[in-house]
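Here you get one chain, nothing else, as structure tokens; it is the form predicted on its own.
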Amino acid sequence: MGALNQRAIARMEAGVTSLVDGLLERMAGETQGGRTFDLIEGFAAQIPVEVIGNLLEVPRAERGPLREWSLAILSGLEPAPSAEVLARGNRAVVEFLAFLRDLVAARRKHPGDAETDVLTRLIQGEADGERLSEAELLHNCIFLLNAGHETTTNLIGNGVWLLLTHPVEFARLREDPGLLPAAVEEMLRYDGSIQLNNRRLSAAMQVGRHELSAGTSITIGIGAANRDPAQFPAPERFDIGRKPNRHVAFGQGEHACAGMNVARLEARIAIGRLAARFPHLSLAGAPVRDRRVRFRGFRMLPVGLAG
């Protein structure tokens, strides 16, 4: 959390803006002559890999396998993964651990700036002297990539899809860019990146008519909570100016997502600058949904620049 505080996030903004502008420039070139562009592969998925790669200071030339490892590992977290999916996920963990052991060994010899390099901060420990074990260090690095990559890719993709399929709200955002922070919160609520999560009960409790004992594993429906009519007036309406908007896309309290403000920064810059650069962005073919149920997003989202 210390490495992802508000000061650190403020330092990231210029770099993320430069990255997004470069991707938009490439998008403009690749769509000349009426060609379509896959917003997921060419834009949404590129941003978080670079941001997290920068946070861990992974050499840019070595970032190639990060996305595929992430997709393979997260697919193994589905409620009922096949043996093939589990094997692919486990293989990705083994490969990723081997990669990280070399990265950690190099960083121990040549530490980075603990104010900006999350890996150096994790290696050196906190001010009270607490250190992570080797296994905890490596798996927290895997967690940072997986948690920050797939979910942010989906947030950007889902958010653009919502604007393209709700033209009145898209026009409203173009007319009033000041609505962008609220729009991102509504995207998180309305079509969040994670629909399901797991908890294990620390004490017995009653859920509806069911008495559940301590230790029971449960699956919670984040997507359902974010459409609760007792919490959200007209919950099925996509409203980029919705306030208040007490969604639980990032969890709450002690279980709040450590990287939630990094994700907000990436989405705000990516979606805001995309809408400003290409105000007539439109769908240019049938999108392809990711068929997983825990993570909600697109595998492909073809777009064109003409309205």
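This one's a predicted model, so the numbers in the text were calculated from it and none came from an experiment. From 1 onward, residues are counted along the sequence shown.
Heads up, the form predicted in complex with ligand HEM isn't pictured, but that's what we're talking about next.
Residue contact check for Ala147: one or more of its heavy atoms lie within 4.5 Å of ligand HEM in the predicted complex. Within this chain, Cys257 lines the site of ligand HEM in the predicted complex, having a heavy atom no more than 4.5 Å away. Taking the partner from the other structure, ligand HEM in the predicted complex has no heavy atom within 4.5 Å of any heavy atom of Val160. The shortest heavy atom separation between Gln231 and ligand HEM in the predicted complex exceeds 4.5 Å. In summary, the region of this chain contacting ligand HEM in the predicted complex, judged by heavy atoms within 4.5 Å and restricted to 147-155, 223-231, 94-102, 165-173, corresponds to 147-155. The three marked residues, Leu188, Arg199 and Val262, each reach ligand HEM in the predicted complex, with a heavy atom inside 4.5 Å. Site annotation in the predicted complex: the residue of Ile269, Leu281, Met27, Leu55 reaching within 4.5 Å of ligand HEM with a heavy atom is Leu55. Phe250 is the sole member of Phe250, Trp69, Phe43, Phe37 with a non-hydrogen atom within 4.5 Å of ligand HEM in the predicted complex. Residues of 14-29 are not found to place any heavy atom within 4.5 Å of ligand HEM in the predicted complex.
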